[in-house]
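Okay, here we've got a single chain as structure tokens, the form predicted on its own, with questions on binding and movement later.
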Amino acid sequence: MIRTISAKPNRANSGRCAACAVRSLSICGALDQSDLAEFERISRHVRLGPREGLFAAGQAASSVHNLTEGVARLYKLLPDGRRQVIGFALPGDFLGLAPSDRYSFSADAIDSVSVCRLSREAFTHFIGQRPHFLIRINEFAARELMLAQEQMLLLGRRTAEEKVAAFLVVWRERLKQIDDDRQTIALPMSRQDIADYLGLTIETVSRTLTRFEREEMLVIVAGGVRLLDPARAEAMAAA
């Protein structure tokens, strides 16, 4: 059974938002106690089971979401029915702040997830009263742009082995950022999800992981992989 990915808890303060394990990682990290209390008042805690949707492309962008536990899959459906996974969200990530009045991509839960959901209207009003908060939001927008650029590199002129190695290295670093520094790299997403993210077939992803295991670069374990030769994986990722 795959353990739900979450940041290490902090129970030092009372109140849902004050005790949130990912507060320092999320947009809420820029809020003082009075702002945090107001943010908690206008937000609603929602828990979703595996494969339940947070929102869908083309749907009215009526809410924004702050992921506090679990992993969400971000994707677009192409006109021919194929799916392109454009990212995976971790605790602390902020989702749904669409540039238009409709969502441009879909998001659903891979494992069980928890989010703080706010109406877009309430969130916009909250920002309007706190211009300094825009700095934090811009930081998150810049990070999303960086991740999008990294995916463009993944989908570029790299071999399948380089793509899979780069995915594992980047994912390991993202897990470390939420204090998930276990020896095993948790992979709650399916092989198909990874394939749709890297622009490969599921067979290619599976063969590549098996080859890496055969060459003793990693070992495949329940719920993820364990890197035996991280230096080699990092060298392949940097190619």
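What you are looking at is a predicted structure, and each value in this text was computed from that prediction instead of being measured. Quick note: we count residues from 1 along the sequence shown, nothing fancier.
Omitted from view is the form predicted together with the DNA, to which the following refers.
The single contact residue among L200, L31, I185, V64, judged by any heavy atom lying within 4.5 Å of the DNA in the predicted complex, is L200.
Residue T159 is the only one of Q84, S104, T159, T124 with a heavy atom lying within 4.5 Å of the DNA in the predicted complex. Within 4.5 Å of any heavy atom of the DNA in the predicted complex lies no heavy atom of R41.
Within 4.5 Å of any heavy atom of the DNA in the predicted complex lies no heavy atom of Q177. Looking at H45, you'd find every heavy atom of it more than 4.5 angstroms from the DNA in the predicted complex. None of the heavy atoms of Q59 is located within 4.5 Å of the DNA in the predicted complex. Partner contact region in the predicted complex: 185-193, out of 64-72, 169-177, 31-39, 185-193, criterion any non-hydrogen atom within 4.5 Å of the DNA. Applying a 4.5 Å heavy atom cutoff to the DNA in the predicted complex picks out R51 as the lone residue from 43-82.
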